[in-house]
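Here's a solo chain for you in structure tokens, the form predicted on its own.
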């Protein structure tokens, strides 16, 4: 990969950023396509986010991804925000178009594309979502738009209620429950798809599981957004009980692929991106 005066710069803002797989994924696509771009990680402290966003214009950066903890607060520094991104209150992709910064979210569409790539269409299915944070919002809005019946479970019940209420303009088939055994047991019995958006089971606490394993049934599709470790305790228990299960690596890749296409107008090789990410995880 050659970096020249003509090379267009892409990147990712986050804090911390050293763990991010995005540079590996995007630069693998750039190399495979032999195009004149480079993707750079930027460590942006929360108190310097406004300076960093101004720097996108000053340095003529073509576009950036936004990751934790900046996805919500970055909205106030942008010239324009896509309707879907504003609805979920989160931006993960910024495009610099003639010095106007436009914000989008590819998290929800990336999740749907990854689901469809693995299992096909899930329009209208019954979904149990664990968690009520930023990832849960993106996933829930995407699923609501394709007519899914959604139950949101969270340890802090009021947060699940807030998310459910915010979805009511998109879908009437949304409800909230506490993340407790009795409520989960009833909801999961009717579910076609279980999505874990919590951090329970993430490295290094990889022996943890967000719900009792005996509640998982063989007819369930289990999507754990965690990808480190690649086989979480939830995935292991789901497979052991005859359910189909995948981790969040495909979502990471597909949301990145959508961002890449928005910046460059080029469809990237998703298989190359996924392979690079998998290799990086070992």
Ligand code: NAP
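Positions refer to the first chain, counted from 1. Quick caveat: nothing in here was measured; it's all calculated off a predicted structure.
Just so it is clear, the following notes concern the form predicted in complex with this ligand, a form of the same protein that is not shown.
Using a 4.5 angstroms threshold between heavy atoms, residue 206 stays clear of this ligand in the model of the complex. Taking the partner from the other structure, this ligand in the model of the complex has no heavy atom within 4.5 Å of any heavy atom of residue 37. Although the partner is absent from this view, residue 159 contacts this ligand in the model of the complex, with a non-hydrogen atom inside 4.5 angstroms. For the chain shown alone, residue 132 is a contact residue for this ligand in the model of the complex, at least one non-hydrogen atom being within 4.5 angstroms. Within 4.5 Å of this ligand in the model of the complex, a heavy atom is found for all three of 202, 226 and 251. Of the residues given (168, 181, 86, 155), 155 alone sits with a heavy atom within 4.5 Å of this ligand in the model of the complex. Interface residue among 91, 176, 101, 136 relative to this ligand in the model of the complex, by the heavy atom within 4.5 Å criterion: 136.
Residue heavy atoms within 4.5 Å of this ligand in the model of the complex occur in exactly one stretch of 117 to 125, 168 to 176, 140 to 148, 194 to 202, and that stretch is 194 to 202.
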